[in-house]
Each structure stands twice: as C-alpha cells, then as structure tokens.
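Form predicted alone, single chain, as structure tokens, below.
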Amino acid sequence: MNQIADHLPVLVILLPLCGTLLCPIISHFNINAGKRTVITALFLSIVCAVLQLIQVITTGEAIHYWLGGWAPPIGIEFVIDGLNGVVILLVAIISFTTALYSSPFEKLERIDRIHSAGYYSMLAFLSVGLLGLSSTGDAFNLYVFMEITAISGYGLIAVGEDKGPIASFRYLMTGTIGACMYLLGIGFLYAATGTLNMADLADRLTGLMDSPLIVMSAACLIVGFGIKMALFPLHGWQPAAHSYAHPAADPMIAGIMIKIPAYAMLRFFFCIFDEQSHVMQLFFNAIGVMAVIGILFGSLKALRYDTYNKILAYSSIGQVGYIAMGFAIGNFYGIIGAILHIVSHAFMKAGLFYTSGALKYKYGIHDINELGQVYRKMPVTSLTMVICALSMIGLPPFAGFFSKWYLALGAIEKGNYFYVAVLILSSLLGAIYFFRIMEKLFMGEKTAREKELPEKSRFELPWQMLLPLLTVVAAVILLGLFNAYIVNGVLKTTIWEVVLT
C-alpha cells in the first residue's frame, strides 16, 4: 500500500492513459466493455487525486516525484502541493462525470464500436493532457502535455455538430500558434539559464529578469497561454469550438480545457519570475488591460445571441477575464480570487453545458426561445441551470460570489477601484442574459417536443446524465459554503510560500 502511495502523482495520469490505450482493443470485442474501461480508469484517477491531496494537507509538504528516479534538473519532476492538488482533483472529477454523461449519447446516435472507441479514447487522452499540465514541474514537459490536450481537443470538436470540423480546424491553426509562442518563450528561458525545471529556472533567473531575452520570453508566454485560455483578444477559436463540439464532451472542453492553461500561466509568472521585476510589471499592465476588455466584451457579446451555447461561449470569455484580473491584481486576495474562479467556474460552466447537452438529448433544443415550460418535464436539469447561472452572476451563497468577492477585496487593497466597477458592471450584464434564459424557461410558451429516445427512463434523463448534473450542483453549493476552509486549510500556505514569495 505504501508503494502505491509513493507513486500517486504518476498513477493519476497513467490510469487515464491506460484507458486511452486499452479502449480501442477492448471495444473491438465488446463496445460496452471499452467505454467502461475508460470510465473505471477515470474513477480510479479521482481516488488517487483524493489520496494525494489528503497526503499534502496532512503533511503540509509538497510531493516531489522524479520520473524514472532521475533527479531534476536532468530528470522530469512532478510537484504536487495544495494548489495543484485541488486543480488535479477538479480535472479528475469533471473527466469522470463527462465520460459517464457521454454514455446515453452513444445509444442515441447509434454509433459503431470504432467511433465509440475513438470518442472515449480521445476523452481519456484529454484528461491525460490536463492532468499532466496540472502536475508537471518541467517547462518542456508542460509543452508535451499541452499538445496532448490540444490534439484530443481537436478530435472532440471535429466529431461534434455540423460546423464542428471547421471549428476544429480554426482551433488547430490558432492553437498551433499558441504552442509555438509557448515553445519560443521557454526556448528563450533555456538560452538564458540552461535549464527547464521550473524550480531551477526560478533560482537561475535571479539577476537576469530585466534582460531583453527574458522580456521576449514573457511576451511569448503571455501570447501562448492567452491563446490556450481564450483570453481576449486571443479568443478567436473559442466561440465556435464551444458551440459546435460534441454535446457530450462540451462540458469538459468548456469547463476545464481553458482553465488549466490559466493555472499554468499563474505557475509560470508567479513562481518563476520575480514579482518586483520590470517583466512582472509589464505582465500586470498587459494582463490587466486584456482582462478588463475581455470581461466587458464577453458579457456584451453574450447579450446578442439567442443560441444557448453561443451565450455560454461568450460568457466564458468574460469569465476568463476574471481569472486574468486576479493575476493583474497580484496580491493575496487577487490570487485567491483567481484560483477560486478557476475551480468554481469549471463546475459552473460544465454544469451549464451539461444542461445544454441534456436539452439537445431530450428535445433537440439549441435556442433559448424553445425553453418554455421545459422545467415541468426536466426539473433537475432546470435546477442545475438556475443554480449555475446564479453562481455565474455572483449571488451568495454560491461559489461564484466568493471568487468575485476575493477579487474585489484584492482590488480595493491595491487601490484599483476601476476593477471593482468592472466586476459590478459585468455581474449586472451577466444577470441580464441569464435572467433572460430563466424567463424563457419558466415563463415562455411551451414549444418543445420530446424526441424519440432509444430507451425509456423512470426519470427525466438516464442516471448517467443525472449524476453529473447533481455533482456540479453539489460542488457549486459546497464550494460556496466551505470556501473559507478551502482558502485557509488548503490554499493559503501554498500561495504565501510558493506563489507570493
């Protein structure tokens, strides 16, 4: 048992990787056994993520795992602390619930074993990439996992709705530019320091922070991470990708695929670069401008659409702006607000896309004007939509309120009241488009007709779809009620000792 505990950081990633490789082989003999292999592997990944987070919390020390026994900076290192331990658990939970959620769509679409194996393998491979991005302490290894994430994302978007292949191609072109910019950035860092280990980079950059090479590196990294996290004005691929991806995979793509690059940006700029350097001052200014414009742009664009997924997609651009605003604020409360928003928005947006998929599954609904009286037939789906929407607006006691609260506290502490005004204005704009959706849901005229489904269910949806809906509702409520424990018991020490040193 102790030997297993020693290898938890790599097991979290290896289990979904085994699911990726085994699914096509097993599906050749039994289509259901193939997808169950992936679902089981992702569930076991959650167990490993929980165990390693408990270990970090109880010991108060980060876990350092050397792949192959090779010590850094020569070898690749995984580093698990309170901050990325939470992020890894987040990725594992949403990966598992999305795989489970996908099962009824398989029957609805009557896909064959080849397509089933391909879909579940890509879903598990996306989980591998995101878990690796969250775990690694090596800059080039982060690039490898970034490309794994992108490749699987391209596939899941391409197999989506009619315009999915076009959206995937657009993401491919833009994502390649982002990956190249990131690679250039770490290339400049390697040229200046001779290492790619993140902890080693932080040590060797002392005294080099104002050199032109490091300034160019920081600029490339901002663009690279900005494209991957769909930060304005580098978001061009995102609305189509989130609108036309496969409806079963969309919660994972929208929920966490753009949040983990944001976490990686946090790790790079606050753990490697000196906060007092000229480079970081440029970072704070640039990211602050991008955040403010992105928040307002995303909120205003969401007002223009009646297509449910389009509203959610442009809303995400604004929500990513909140995370970037926390980085721009740069103090303890700002970073706390950004981290909480990464976690809470992942659950909120995944939950809203779960409801979108459920509406498409049962009624074929894409437009909010078709939502009238649907709550009578789909109470759990409607409850999920309402709770996640209220949390996105920022109403207590839900998770979204507290992440915005910490951002406001950080802005006030820094004396930047303009950020506070932007937070309030964007929340009001969010209230307009989300209350418009709820008005259509509860007060609109009934127009939707149920589709012919492959199997009858006692409930409004198959249990594989209801469980993810209830999971995100519970997460949004519990993250709000227990935010103080998460901040003080899990994140506070890590942020003070690792991020803000």
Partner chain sequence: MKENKSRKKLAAGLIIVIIAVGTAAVKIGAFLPTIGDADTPANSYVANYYITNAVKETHSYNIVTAVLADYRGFDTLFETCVLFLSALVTMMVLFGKEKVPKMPVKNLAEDKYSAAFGGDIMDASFRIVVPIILIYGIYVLFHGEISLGGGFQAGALIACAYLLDRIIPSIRMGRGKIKEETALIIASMGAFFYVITGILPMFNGGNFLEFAKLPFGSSLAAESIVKLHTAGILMIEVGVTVCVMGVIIAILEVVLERTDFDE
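Positions refer to the first chain, counted from 1. Only a predicted model underlies this, so the values are computations on that prediction, with no experimental measurement involved.
Just so it is clear, the following notes concern the form predicted in complex with its partner chain, a form of the same protein that is not shown.
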Practice task
Just one of 248 to 256, 261 to 269, 156 to 164, 346 to 354 has residues with a heavy atom within 4.5 Å of its partner chain in the predicted complex, so point it out.
Solution key: 156 to 164
Exercise for the section: Look up in the predicted complex whether V490 has a non-hydrogen atom within 4.5 angstroms of its partner chain, and give yes or no. Expected result: no
Exercise for the section: Spell out, yes or no, whether the shortest heavy atom distance between A191 and its partner chain in the predicted complex is within 4.5 Å. Expected result: yes
Handout entry: Partner contact for G207 in the predicted complex: its partner chain, 4.5 angstroms, heavy atom
Key = no
Problem - Contact flag, G288 vs its partner chain in the predicted complex, heavy atom cut 4.5 Å - result: no
Fill in the blank from the handout: in the predicted complex, the residue from S315, N309, S121, T384 with a non-hydrogen atom within 4.5 Å of its partner chain is S121
Handout entry: Interface residues of 195 to 215 toward its partner chain, as seen in the predicted complex [heavy atoms, 4.5 Å]
Key = T195, L196, D200, R204, P212, L213
